[in-house]
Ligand code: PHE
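In the block that follows, a single chain appears as structure tokens, in the form predicted alone.
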């Protein structure tokens, strides 16, 4: 297996974690739940839950140096072959990538359209976005473009493909966000955005907000799909997986907070509401950018390009766990495994986008959800939480504690290990189980 350099692993894992969830989802959820108090709860969830599971996956990957399915067997105390079924999590990434590629296609369309014109009214922006989600040919074109890009990068391998693209795109993403942040700092509304995000109003916090913060903290770090475990298998032996995990969490969280500050500054400057919802990126912001003339177009192009860069770095990570599974389990070449995985997520993406169309929507919908929504729901609300619970239970009850402690004490203190072990064995599985039960309750 090709190995990452240490900085390559950090950027690749950060690239996996930093995606549409940071720049699109985090700001609109923060707006819906009132700002500061939600951000505080989110940060606590990242620290106590997200980071704990991230370190857990990093340990398993680095120790076993193999695909997800084999890694659980190799790490278990009695090498129990039944743990190979934990490998189910690798298929979550392919399903997520199917609809993620479609959404990335929308964003790429917005990059192109921003060069010509931006909608001047919310009704026009809303109608334009609705028309895009019904336009089969345009969506297939951009979905194909994104898919080919992802497959090409992954075909290059870990060093020449994934690591190299993250070494290029992650700094570019940081540069664009830094430029947008500098512009936001020059606006009068920046102080209002700071107050909104960092001055907590605990009256805004309820059970839904707590669960949303937990879910966002968990899913933003790309946990439960095998990516971090697979990437960690390509870490050099003896690398400090704890420090690397901490760096990734810091990068991921910082980009989410910076994105929130930028977006809320723009919203408040235009007098727009903070609770703009999921349509924030595709409806509210383009209208705001339109009112700023040529400068608005430049900012719009930069913003949507940042989203594309963040999305691509996440997309290439989603395919790697399934890829390594096919390569190691079925002795496939990297090229054959990439073509197979690419075909799976590409075809599923076609089904997802067709399910939103007027022509095929009724054929590809059941129980009140279309195929696009079902792919999102099954992965985020069932497969990923189950995988994370399984990972925590595995390390807490089926792995030799002395092995864990020895590995941890090379890089940190006994106190830190004991806190992490308590979290993984008891608190984290309980918290994720509560999230899972709540999410599944949405079916009824």
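The model shown is predicted, which means the values in this text are computed figures rather than measured ones. Residue numbers count along the first chain shown, from 1.
We do not show the form predicted in complex with the ligand, though everything after this point is about it.
In the predicted complex, none of the heavy atoms of residue 282 sits within 4.5 Å of a heavy atom of the ligand. The ligand in the predicted complex comes within 4.5 Å of no heavy atom belonging to residue 196. Residue 17 belongs to the set of residues with a heavy atom inside 4.5 Å of the ligand in the predicted complex. In the predicted complex, no heavy atom of residue 429 sits within 4.5 Å of the ligand. Only one segment in the set 314-322, 79-87, 130-138, 110-118 has any non-hydrogen atom within 4.5 angstroms of the ligand in the predicted complex, and it is 314-322. For the three residues 100, 227 and 384, a heavy atom within 4.5 Å of the ligand turns up in the predicted complex in every case. Though the ligand is absent from this view, in the predicted complex it lies within 4.5 Å of a heavy atom of just one residue from 338, 259, 220, 232, which is 220.
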